[in-house]
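Next comes just one chain, in structure tokens: the form predicted alone.
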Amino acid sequence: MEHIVRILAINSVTHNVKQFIIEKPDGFTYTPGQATELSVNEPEWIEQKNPFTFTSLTDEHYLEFTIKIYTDHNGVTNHLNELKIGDELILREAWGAIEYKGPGYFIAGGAGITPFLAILRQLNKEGNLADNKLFFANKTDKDIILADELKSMLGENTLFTISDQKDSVHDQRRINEEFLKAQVTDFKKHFYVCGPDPMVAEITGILTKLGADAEAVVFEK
């Protein structure tokens, strides 16, 4: 089912990430961690369907998407960057395999944090964040999406890693086998992994090698 919805607000999050607030159709539901396909409601863009994750709480009266903008080619995110309040999008039903199954470790690379935002916000609202940790990899400090909010929710259970900035104030290790051995205290917990496909494949392989149950490693298949 398709819904035509208007953009209600657009906010800058980082130098290349924007937050889009859009209308929420009556009765529309999703689970934290799920995504949908969005299109711009213009003749030449209707068939350009891209997946984006809901980052709002499920009981909000609006829908929120936190989207990385790629201006190096004329794709959907570049066009979204040109839209204004009142412009229309086409919203479709929710889908996705990333959902919260219990306390554990969230491992994100870049825009891969987006499926975790609604999950972490929901857990925070319910007071159930205490037994979860976040490892969040980015290239530079300025690339970290919603760093302050993540720190305020998770406190000392947040670890940012930076790969391409020598003067970063954050950890500069790669999230690899050595890192996971050092940082993970219980490989029987759940692991939630999202980021570029090569990163997800590498980390899920390492986790399985280190004793994580394949059923406890959650990622978008």
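The numbering used is simple: start at 1 and walk along the sequence shown. Everything numeric in this text was worked out from a predicted model, so none of it was measured.
What follows is about the form predicted in complex with a small molecule, which we do not show.
Enquirer: My question is simply whether V184 lines the interface with the small molecule in the predicted bound form - judged by any non-hydrogen atom within 4.5 Å.
Expert: Heavy-atom contact with the small molecule at 4.5 Å: absent for V184.
Enquirer: Is the gap between N50 and the small molecule in the predicted bound form 4.5 Å or less for some heavy atom pair?
Expert: Answer yes; at least one heavy atom of N50 falls within 4.5 Å of the small molecule in the predicted bound form.
Enquirer: Is there a heavy atom of H73 lying 4.5 Å or less from a heavy atom of the small molecule in the predicted bound form?
Expert: Contact check for H73: yes, within 4.5 Å of the small molecule in the predicted bound form.
Enquirer: Verify the contact flag for V40: yes if a non-hydrogen atom of it lies within 4.5 Å of a non-hydrogen atom of the small molecule in the predicted bound form, no if not.
Expert: Outside the cut-off, so no.
Enquirer: Of I67, I162, L154, L159, which residue is found within 4.5 angstroms of the small molecule in the predicted bound form when only non-hydrogen atoms are counted?
Expert: None of the others qualify; the residue that does is I67.
Enquirer: From the list L129, A147, I90, A111, which entry has a heavy atom within 4.5 Å of the small molecule in the predicted bound form?
Expert: It is A111 that has a heavy atom within 4.5 Å of the partner.
Enquirer: Assess the spot marked by T77, W95 and F219: is the small molecule within 4.5 Å of a heavy atom from every one of these residues in the predicted bound form?
Expert: Judged in the predicted bound form, T77, W95 and F219 all sit within 4.5 Å of the small molecule.
Enquirer: Going by heavy atoms within 4.5 Å, which of 50-58, 184-192, 166-174, 24-32 lines up against the small molecule in the predicted bound form?
Expert: Result of the contact check: 50-58.
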